[in-house]
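In structure tokens, one chain follows: the form predicted alone.
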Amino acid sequence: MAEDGRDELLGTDGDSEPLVAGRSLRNKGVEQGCSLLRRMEICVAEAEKRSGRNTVNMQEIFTVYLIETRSMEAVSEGHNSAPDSLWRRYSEFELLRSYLIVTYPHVVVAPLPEKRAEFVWHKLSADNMDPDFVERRRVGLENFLVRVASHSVLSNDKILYHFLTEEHGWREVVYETGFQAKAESRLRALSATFRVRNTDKRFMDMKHYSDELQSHTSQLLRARARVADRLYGVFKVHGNYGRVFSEWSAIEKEMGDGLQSAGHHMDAYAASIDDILEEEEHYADQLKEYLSYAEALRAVCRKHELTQFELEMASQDLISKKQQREELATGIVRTFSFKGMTNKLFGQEAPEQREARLKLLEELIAEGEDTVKEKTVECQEHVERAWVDMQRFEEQKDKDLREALINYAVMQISMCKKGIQVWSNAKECFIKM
């Protein structure tokens, strides 16, 4: 694709409506005002198993995902041209997300689908190569790309565009940004223990909320897995009804047809549970997404604490240096210090030494004032940008979870109606006997 085309795709236009791409989020509330989705249709079309050698030259089997993109201009003009396509591994999606988190610390970056199945009912395979799991992960990866490409800030990132359009050389472009050094520094900072005196109460509340969101979502997923296990058992027991009715029909002349028909209804009902619970797992994946979102939300809050802590440390250091300058200028030591004790024991320092120290302190104070101003601006910008993005996240979360829970309830109602219908059919069979 030509460079002019890239620049056009990366442009912004805040007034037009985006066309939501991707099958998995087409009916979900995707962020409005995105630039990339207005100009590009994005889809993770399929998954494929491959084998190759890893970094330690050992044979391994892995899954790759086909990303298809198509210019919306071509779609709107009715051109039925083939989409651009490339293959990506899950690890490359992880690298993209790590880059976005480090580069945009004020953004609640959408999570990736789980690497290994968790909170599953016991009959579902937890193997990450299981076809059903790979399919759900494909849907989750498409959700991730659509969410990122629909974000008003992330959608304009050139690395994201390279990820979607350049199959070769993409990793090198990411590493050239130097984000890894920032990522290591960020990990050390986020894992450090420190106490902030004047943190923003909104971020404290949001951090507590993220903990509660994660806790409640985990409990809900565990309860769902237990209910799914019970449902699986109840449905499969109906297979025993079917076997008994079918065997019974063989020894009955007048009732035989009715018993056999009832047995067929029971067998079909028992067999339907596998597809039902597999469909239900897709709703569980939506909840799992917000289980991971809680961690992304906490990371933004933690970044605020870190910037506030750095500002407070810089301010405290500046106050200390100004106090040293005042004590040196007046000769009055207001606080205990080793330097003050040595002056009392061995006499005052020479005027030349004193002037040199004053000059050095003036320089350090000037640097400290610049640092405080820089940290103040950084902290204010992070607070403003992060709070805007958190509000966006809140709206998205409310809409997504409401929709997921309603759909889950509708599915449960439909399943119960199916059970009633099966027993109604069996009743008709018994009446006709």
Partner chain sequence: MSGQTVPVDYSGHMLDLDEDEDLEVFSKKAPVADGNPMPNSPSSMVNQFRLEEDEPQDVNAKDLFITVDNPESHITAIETFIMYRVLTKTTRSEFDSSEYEVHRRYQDFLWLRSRLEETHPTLIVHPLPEKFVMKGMVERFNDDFIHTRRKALHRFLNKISEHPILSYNQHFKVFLTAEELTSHRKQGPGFLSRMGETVRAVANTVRGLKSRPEEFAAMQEYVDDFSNKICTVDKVTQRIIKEEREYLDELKQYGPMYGQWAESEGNLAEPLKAVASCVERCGKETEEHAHHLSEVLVPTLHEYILCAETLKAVMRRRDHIQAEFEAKNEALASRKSEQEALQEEVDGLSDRMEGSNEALKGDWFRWKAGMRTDLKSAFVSSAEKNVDYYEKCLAVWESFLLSQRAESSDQQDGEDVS
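Computed from a predicted model, the values in this text were never measured in an experiment. Residue numbers count along the first chain shown, from 1.
What comes next is about the form predicted together with the partner chain, which is not displayed.
J.: I need the one stretch from 167-175, 97-105, 142-150, 279-287 whose residues put non-hydrogen atoms within 4.5 angstroms of the partner chain in the predicted bound form.
T.: After filtering at 4.5 Å, what remains is 279-287.
J.: Do residue 217 and the partner chain come within 4.5 Å of each other in the predicted bound form, heavy atoms counted?
T.: Judged by the heavy-atom cut-off of 4.5 Å, residue 217 is in contact with the partner chain in the predicted bound form.
J.: Taking heavy atoms only, is residue 136 within 4.5 angstroms of the partner chain in the predicted bound form?
T.: Outside the cut-off, so no.
J.: Would you classify residue 213 as touching the partner chain in the predicted bound form, given a 4.5 Å non-hydrogen atom cut-off?
T.: Yes.
J.: Going by a heavy atom distance of 4.5 Å, is residue 87 a contact of the partner chain in the predicted bound form?
T.: Residue 87: no contact with the partner chain in the predicted bound form.
J.: Could you spot which one of 356, 234, 72, 204 gets a heavy atom to within 4.5 Å of the partner chain in the predicted bound form?
T.: By the 4.5 Å heavy-atom cutoff, the listed residue in contact is 234.
J.: Give, in sequence order, every residue of 233-253 that has a heavy atom within 4.5 Å of the partner chain in the predicted bound form, or say none if there are no such residues.
T.: Those in contact are 233, 234, 235, 237, 238, 240, 241, 244, 245, 247, 248, 251, 252.
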